[in-house]
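The form predicted on its own is given below as one chain in structure tokens.
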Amino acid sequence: MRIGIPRALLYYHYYPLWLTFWQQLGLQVKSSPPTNKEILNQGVSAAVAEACLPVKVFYGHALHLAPQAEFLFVPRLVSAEPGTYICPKLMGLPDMLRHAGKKLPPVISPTLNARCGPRAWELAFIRTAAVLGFGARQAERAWKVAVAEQARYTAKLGEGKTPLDVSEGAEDDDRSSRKALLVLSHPYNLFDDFVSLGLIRRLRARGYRVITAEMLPGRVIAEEAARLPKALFWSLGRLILGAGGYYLRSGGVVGIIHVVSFGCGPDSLVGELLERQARRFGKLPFLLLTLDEHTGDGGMVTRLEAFLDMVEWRGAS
């Protein structure tokens, strides 16, 4: 059997886990290619107008994979860690796809809800494997191998690599002398090179080292997020605010760039909190970049160059 995994949304966080699990069960896994104009256009035409850019991109990847797979793997992501939630659009994504009026193979959609207990994700995968005819012991073995692969991936991110570096097999280089910029975003905005208009590549080309929230240990994120007056239950929002708070307090970067999707509800709150923190500390230049399917290189490059000029001017003064 061939199962398709769209290269979009939280693929950039969990693809080692998902890919390894299905491969260990003997399935042939097909991932869609990196986002391109054709995939984006397919998604925009299929999704409802109110959907944010990442969801439209996901539609495009699912439609691209449809003729190439017997099943599509589209988990119903509810919670990635206790006490948190994922965006409602991601929770409803399997249903949105099924009712999009497009010809798709059967959608495999385990409910992944860490609020249901420490083994909730594991049990959801085991139940889903049973639907496809695999035994519980076989699925448990596959899960253990997949978790170990995910842990190795997370360790590589902690060494200073981005998901793009890991997937492309980038070698370590000596960047200790390069000034660092903190770039904060949901992974599907930042690590999709087409959606982000090559932001990471552009910054590195200008001589900067890029730091992302995924490079910080989870305990550091949790400690910084706990400083908020009220607990934030959006898990990706906690990741962004935790990393932003850490570097605003400790230094180590020369500026912060926050990348958001136009129309993202959680980001409208998280971005405001992050910008207020940046103003309160007043130590670092801060740039907000908003993306949608109409965003072009010209406007983004102009704003980015002006921001970097300000960063370099501050460093020289």
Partner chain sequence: MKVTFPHMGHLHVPLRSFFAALGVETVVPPPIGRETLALGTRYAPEFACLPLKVNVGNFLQAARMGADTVVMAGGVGPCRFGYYAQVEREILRDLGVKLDMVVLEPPQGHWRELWLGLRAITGGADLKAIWRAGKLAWRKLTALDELERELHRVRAREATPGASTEAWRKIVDRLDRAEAVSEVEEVARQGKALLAAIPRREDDDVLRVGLVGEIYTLLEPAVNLEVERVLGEMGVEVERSIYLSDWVKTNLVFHSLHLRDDREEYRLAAPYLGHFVGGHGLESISFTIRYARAGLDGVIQLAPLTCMPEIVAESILPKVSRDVGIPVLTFMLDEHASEVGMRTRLEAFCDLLRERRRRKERFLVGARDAAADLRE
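Fair warning: this is a prediction, and the values are worked out from it, not measured in the lab. Numbering follows the first chain given and starts at 1.
Separately, the form predicted in complex with the partner chain exists; it is not shown, and the next lines address it.
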With the partner chain left out here, work out from 142-150, 186-194, 200-208, 95-103 which stretch has heavy atoms within 4.5 Å of it in the model of the complex.
-> 95-103
For the three residues R76, W234 and S268, verify that every one has a non-hydrogen atom within 4.5 Å of the partner chain in the model of the complex; reply yes or no.
-> yes
Just to confirm, C87 within 4.5 Å of the partner chain in the model of the complex by heavy atoms?
-> yes
Would S167 show up as a contact with the partner chain in the model of the complex if we use heavy atoms at 4.5 Å?
-> no
So, in the model of the complex, is E272 in contact with the partner chain at a 4.5 angstroms heavy atom limit?
-> yes
Hey, in the model of the complex, is Q138 touching the partner chain, heavy atoms inside 4.5 Å?
-> no
Sole residue of L123, M215, M91, A80 within 4.5 Å of the partner chain in the model of the complex, by heavy atom | M91
Quick one: from L132, L228, V220, I108, grab the residue that has a heavy atom within 4.5 Å of the partner chain in the model of the complex.
-> L228
Enumerate the residues of 45-63 that have a non-hydrogen atom within 4.5 Å of the partner chain in the model of the complex, in sequence order, or give none.
-> V48, E50, A51, Y59
